[in-house]
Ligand code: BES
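In structure tokens, one chain follows: the form predicted on its own.
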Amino acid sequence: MKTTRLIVSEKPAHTIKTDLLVYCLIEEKHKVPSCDPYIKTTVQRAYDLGDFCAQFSEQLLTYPQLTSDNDNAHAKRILIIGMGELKADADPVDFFDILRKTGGNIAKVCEKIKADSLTVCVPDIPDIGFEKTAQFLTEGIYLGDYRFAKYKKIKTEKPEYTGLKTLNFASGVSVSAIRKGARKGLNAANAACEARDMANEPGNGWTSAEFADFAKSLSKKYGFKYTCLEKKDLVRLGMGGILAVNQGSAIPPRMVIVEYRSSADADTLLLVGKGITFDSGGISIKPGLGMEEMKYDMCGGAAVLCAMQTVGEETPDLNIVAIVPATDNMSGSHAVRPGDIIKHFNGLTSEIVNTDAEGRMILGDALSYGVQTYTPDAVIDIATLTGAVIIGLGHHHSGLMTNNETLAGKVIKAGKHAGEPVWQLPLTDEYKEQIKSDVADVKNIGGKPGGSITAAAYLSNFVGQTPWVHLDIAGTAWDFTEKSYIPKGPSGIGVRTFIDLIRNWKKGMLK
């Protein structure tokens, strides 16, 4: 993954040598926007001409005269960018995503001019503060500067822009707050970009083995406990769900586990992510059109492991276990068939009606194993689970289902902070009736009506009374709402929601 150097400077922004110097301004009704004295004349002139009033994403790109005068010779270009109004009665949280989008817009200008170095004068925004302003601008810039070119031929003539090399935040005040916020933004953005990299890998470049290798290297770097349950272990433990899904594959399944321990008396959070590295649908094969996108079916697994990267950087006061059941879903000669019956780790039998409803099968084993082994205070699973969630919510919200309203509220709040909105769907006994089987305890699909909810109803059999949230990200893991900091392809959804939740976790908050 590309790295961009982050610097927080006490120097005035206009004294730093840079390819692009940026000032972010708030719109003020019927008056020229307040701004740094260095750009006041330019802003006043543009305002008087009706060319700029700092509406959201409005931009002025200027080229200062290069002289021997130190005040004018450092920035090759100056970008003045609008962030819109900060309304007095608005929730400050709503402005967090404005800052990310502004950062993403800045990254797009950097790409256009092929800037290596960027300097941002951190604005003083009422009710937001320097720390959060720096945090979310950093997220937006780093996320917006993302690109995946690993498999592209390097051009010797007119090479492609590879992104920023240096980001410098400058402010004469609150340097420590800016440094703290920028570091948080950097950690979250790097983790999300790592998840994007994983998802962009082809099915032959990212398998259960690569999940295990990544988890092992992460554990070595941060001192986590690493466990990988190989196929022989899964057979011994009776994990019939993941073994059934893997039957048609030439690549063995793995259950990858990473544990971070803070203290004996801290709460324990279990994160489980679906790790289907390619989903053909198995015997219930998917249509050919768009099947190449099924390499993204491991985005849930990517989210939980990459969130652990930030856990390693920030060492929160919370015990966290991340589990990724990993395999592909293929239609080889030994593949599981519609009508087969399998037994999960917790003893529940399941009639396989549709082999393309495989995510819930591997998650069932992982959830029940995780709950039994680690007795967590809360568990969250995340998965590109159902096409039905796209029909219900489009590509703008992830679906949330739960057995605990307090935990759900915390996850919803974290999603809002992260700019990754989730929408709660009901999970009542009526939906559980839809997955009752005549020949087994349950069946793995409940028909088209409420398909996302019946998938969650299936998973509810594996968590008992443990507070649990299920996140269905099939509509947001790729093709997420178009934003300046969200690229085409995988979004890295879920990573920053988990990070926000972990950062704000309070011991015993679910009691």
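Note that the coordinates shown come from a computational prediction; the quantities given were computed from them, not determined experimentally. Sequential numbering from 1, following the sequence displayed.
The same protein has a further form, the form predicted together with the ligand, not shown here; the description that follows concerns it.
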| property | result |
| --- | --- |
| Which of 124-132, 111-119, 353-361, 241-249 lines the interface with the ligand in the predicted bound form (heavy atom within 4.5 Å) | 353-361 |
| Single option in I412, A440, V175, M294 placed near the ligand in the predicted bound form, where near means a heavy atom within 4.5 Å | M294 |
| Among the candidates R196, R254, K274, R100, the residue which, in the predicted bound form, approaches the ligand to within 4.5 Å (heavy atoms) | K274 |
| Contact of L385 with the ligand in the predicted bound form (heavy atom, 4.5 Å) | yes |
| Touches the ligand in the predicted bound form: D267 (any heavy atom, 4.5 Å) | no |
| D279, heavy atom within 4.5 angstroms of the ligand in the predicted bound form | yes |
| L471: touches the ligand in the predicted bound form, heavy atom cutoff 4.5 angstroms | no |
| I390, I445 and W478 each touching the ligand in the predicted bound form (heavy atom, 4.5 Å) | yes |
